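Single chain ahead, written as structure tokens, the form predicted on its own.
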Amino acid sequence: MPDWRNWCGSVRCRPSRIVRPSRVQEVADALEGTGRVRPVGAGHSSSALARSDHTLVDLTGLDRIVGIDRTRGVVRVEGGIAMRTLTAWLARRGLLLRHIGTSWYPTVAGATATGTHGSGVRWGSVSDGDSLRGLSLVTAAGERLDLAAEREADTATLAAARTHLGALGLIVEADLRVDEGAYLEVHHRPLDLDALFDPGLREAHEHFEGWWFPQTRRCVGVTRSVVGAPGRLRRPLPRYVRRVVGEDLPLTLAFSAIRRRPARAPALLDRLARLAARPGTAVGRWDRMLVGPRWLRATSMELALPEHEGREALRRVAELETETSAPSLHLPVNVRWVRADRGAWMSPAAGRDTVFLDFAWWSGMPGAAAALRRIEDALYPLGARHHWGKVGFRNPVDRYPDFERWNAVRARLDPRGRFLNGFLERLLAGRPLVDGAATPSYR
């Protein structure tokens, strides 16, 4: 069961009441006799999006597969199902999701709330109109509203609900596109900073992402492609064992050393980059090769920029690193590309091909807020938007051409603002997401 302290993200809170429905019909009952309400899921987000001092409705009990329509290529699931559960269920049936991220913790409702994404210029985020084909939500009035992409009358409301920020209602069911396929071939390769932005590399593979090691020009490229059933698979160690022993343990030891002696960061990062970039290829069931746990505890700010600004963004960040007396980034920067999201007004990738840059800071290290603010200030002029589930300081609504349309749908479905909290009130009022010089208390 999730820990409510994680639900509140970067700002700690103490909800007055927690409701845990286990059936769709119980969700409307959970709204009776309550004032303000916030939906919560797996607690994967580090922003204050789910923060509430009032009633929290934990949707993780809604974790069932409702049904699958292979003719339409759609699976219908309850909103609280975790990606870990859903992806394994689909893989056993020879089906896959192309639009999802690589973490198995988020729920479907949480992933759609924030526009969670994977990496691949052929695909948008999970909120994209091609991926999210329908939603069922319980409104502030306790009424169920079913939305389908095939119904023209639902187009505007669905465009708002695809990235709903938990402000339109409680997502109880969702229709997700699925495709045939069960296996992925994954290849790691060393790259320099220029090669990382070679468009041919990301266009040649279904999924491509990179990792840049700050204070170096070293990068790691990871490609993933759907392949047919292999003749015989060597049984590797379980994924979590390989990750802990082969990746997380050396990373943890190295970053602990950096935390104690920041001056050694460049040399250690260079060695880590050499280790991580060892070429290798593996083939396995797609859910095991794409989706997995994240053991390293870090605070993250992920910025979505126009695709053509990625190289310039990292150049500016590299300049910041040389200007500060102590290096500000001690963890690799994740770089991912997605196609423009269509029919999802508040998705960070809405209306433009996007590169996502994920800047992580080792949890507990001092100076995180100041470092992330500097990066945000440097990249905001390039058209940056925040990932809704991660740390951000500025108010980004001016970056969304359809924000007023989204807010109009929100106000129609929730005229009394029952689903609002402090984060959303600041967003709607055009105020910074973090007031003044305040420093969030990162978990």
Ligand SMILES: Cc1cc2nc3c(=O)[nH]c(=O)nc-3n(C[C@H](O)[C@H](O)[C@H](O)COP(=O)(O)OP(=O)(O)OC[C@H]3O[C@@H](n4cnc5c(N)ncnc54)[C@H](O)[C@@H]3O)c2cc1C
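Each residue number is its position in the shown sequence, starting from 1. The shown structure was predicted, so the numbers you read here are calculated from the model rather than taken from an experiment.
Missing here is the form predicted together with this ligand; even so, the following discussion is about that form.
This ligand contact in the model of the complex: residue 110, any heavy atom under 4.5 Å: Residue-level check for residue 110: yes, a contact with this ligand.
This ligand contact at residue 336 in the model of the complex, heavy atom, 4.5 Å: Heavy-atom contact with this ligand at 4.5 Å: present for residue 336.
Partner contact for residue 162 in the model of the complex: this ligand, 4.5 angstroms, heavy atom: Looking in the model of the complex, residue contacts with this ligand do not include residue 162, since no heavy atom lies within 4.5 Å.
This ligand contact at residue 181 in the model of the complex, heavy atom, 4.5 Å: Output for residue 181 is no: heavy atoms all beyond 4.5 Å of this ligand.
Which of 65 to 73, 373 to 381, 401 to 409, 47 to 55 sits within 4.5 Å of this ligand in the model of the complex, heavy atom basis: Selected stretch: 47 to 55.
Heavy atom within 4.5 Å of this ligand in the model of the complex - residue from 91, 171, 176, 303: Residue within 4.5 Å of the partner: 171.
Contacting member of 87, 216, 103, 225, with respect to this ligand in the model of the complex [4.5 Å, heavy atom]: The option sitting close enough to the partner is 103.
In the model of the complex, residues of 20 to 58 near this ligand [heavy atom within 4.5 Å]: Those in contact are 38, 39, 40, 41, 42, 43, 44, 45, 49, 50.
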